[in-house]
Each structure stands twice: as structure tokens, then as C-alpha cells.
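The chain below stands alone, shown as C-alpha cells; this is the form predicted alone.
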């Protein structure tokens, strides 16, 4: 679902991206795109590592583009030197590949960058033009909770919004973007991820821009929410180069196939039936 802003002159643009997964090439393309669009603020919702090559190439880009980050489950595990990614998988095959990815990222992340990951906040709260915005990784109640579009009820999302006093909640973790408007004009958004494609046969990745019309400062919260809109933005990057670098680093061929084909070959068992049927496997 994509909603464009209404074209008024005064718009606050907030770029929201998740799941970098060591894909520094897609991250750089995303940040360049957000900068060219004139985004006022950029936030990453966590999981800087996993899946791809060269973890330490991600961090200079975050600094260069002044990106503020939430701590994802991967960041917590790498930062604190834990023995697994806390990804939330239950299937043995999924956990096998998750462990390979985790071990590679842990071994190739510098001590200074691990220290950076340790200090990241579990959530970020923003107040913009009377709106309370909550940025998290999985959900406001659990860092590795999977909130899928087909399996998450509107009533539950409304409960989270009230429980955590948020007009807008934005998360990631699942790897697939989606958006839902709730009661009283409130919103839940999954930003998607920039680290790997969306299991749809396309090689691009996605991030999200939240637009807030700023001409109604001081008006009611409902009026402010009526002036919220969203854009899911596709990002094309040099995926062939990334795949070659993954081969050079002896990263599993299953991961490389996903980058080249746009179809997930791992982390499939966690998908609900509707989301899995959209894929090849």
C-alpha cells in the first residue's frame, strides 16, 4: 500500500528503514535516496548485521548520514557477544542458517562497533506536531516479535497503541513491509528492510517515508493524524556486486541465491501461510 503526500508546501519527511543485514550497498543507495528527497530525519529500526558481507562497512554510512538507530535483536546479540541472534525462529533449518549468519557477523564486527551496538536504545519515542511516534524493532512489547500483515489483528495493534501511548508505531523484523490504519486515524507501519529483497522475485529492497503536513501545528490530534501520509520506496542497488562479495566471503549459497533471484530460500518456516504462498518455495 502506498499513500503519497498531498503536495502542500510544508511537510516533515521522516525516513524509516530496517534490517540492514550487512548490506552496505543497499544501505548506501537508500541513504542517498532519502537525502536526495530532502528527508529531514532518518531512523534505522535495527538489525544492522546478518546475511551479507563486511559488517563494519555499515557503520561509517550511518555516521555520514546522521542516522539514529534502534537496537534490534541482532544488535543486542552482537553487541553483547551472545551465542545466537535471538531471531525468534523455531524451525531447525531456519536456526541453522541464522547461526551461520550470526557467527560470521560476530567474528567480523570490530570491538568499537560492538560497543556502539550495545548502547543503542530498544525504542525511540518522537513527538512531532502533537503526534506520539514510537519506533521499535519487532514490536513495542518484544524486540523479536513477528507482526505479520495476515496474522496480526487490527484489535491487537490498537491495543499496542493504547498500551504504549502511541499514535503511530513503526517496526520492522519480518522483512516484509505493510501498513494499516487503526481506529481514530492512528497507524501501524512495518517499514520493510533494506538488507534483502521481499520474497517477490524482484531484486530491489524497500524503505518507508512518513510525511507529516506541518501547517496545522496546535490543532487537534485527529486533525494532525489526518495530515499523515506514507510512501514505501523501492531501492535498486548493485545486487550483483553484493552477491560476488558474499561468494568471496564464503557466505552460504542459499543467501546469495536470495540476493540474485529475489526469492527467500531461508527463514521460510516462520512465514504465515498467506505470506509464504506469495514466494517460490
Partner chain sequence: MTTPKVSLTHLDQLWFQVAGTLCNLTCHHCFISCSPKNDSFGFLSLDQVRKHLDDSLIAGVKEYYFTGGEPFLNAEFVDILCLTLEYGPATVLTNGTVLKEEWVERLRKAESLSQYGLEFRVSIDGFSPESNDPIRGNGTFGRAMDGVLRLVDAGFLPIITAARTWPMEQDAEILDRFVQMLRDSGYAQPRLKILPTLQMGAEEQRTHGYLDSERLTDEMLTDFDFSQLVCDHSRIVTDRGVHVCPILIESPDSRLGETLSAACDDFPLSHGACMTCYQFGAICSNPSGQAYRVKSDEHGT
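Residue numbers count along the first chain shown, from 1. Not measured: the values here are computed from a predicted model.
The following text describes the form predicted together with the partner chain, which does not appear among the structures shown.
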State the residue from 14, 25, 259, 271 whose non-hydrogen atoms include one within 4.5 Å of the partner chain in the predicted complex. 271
Taking the partner chain in the predicted complex as the reference, which of 176, 106, 168, 87 has a non-hydrogen atom within 4.5 Å? 87
Quick one: 76, 91 and 141 and the partner chain in the predicted complex, is every residue within 4.5 Å by at least one heavy atom? yes
Can you work out whether residue 152 and the partner chain are in contact in the predicted complex, taking contact to mean some heavy atom pair no more than 4.5 Å apart? yes
Going by a heavy atom distance of 4.5 Å, is residue 148 a contact of the partner chain in the predicted complex? yes
Partner proximity in the predicted complex: residue 116 to the partner chain, non-hydrogen atom cutoff 4.5 Å: no
So, in the predicted complex, is residue 125 in contact with the partner chain at a 4.5 angstroms heavy atom limit? no
Just one stretch in 96 to 104, 125 to 133, 154 to 162, 206 to 214 has heavy atoms within 4.5 Å of the partner chain in the predicted complex, so which one is it? 154 to 162
With the partner left out here, which residues of 42 to 56 have a non-hydrogen atom within 4.5 Å of the partner chain in the predicted complex? none
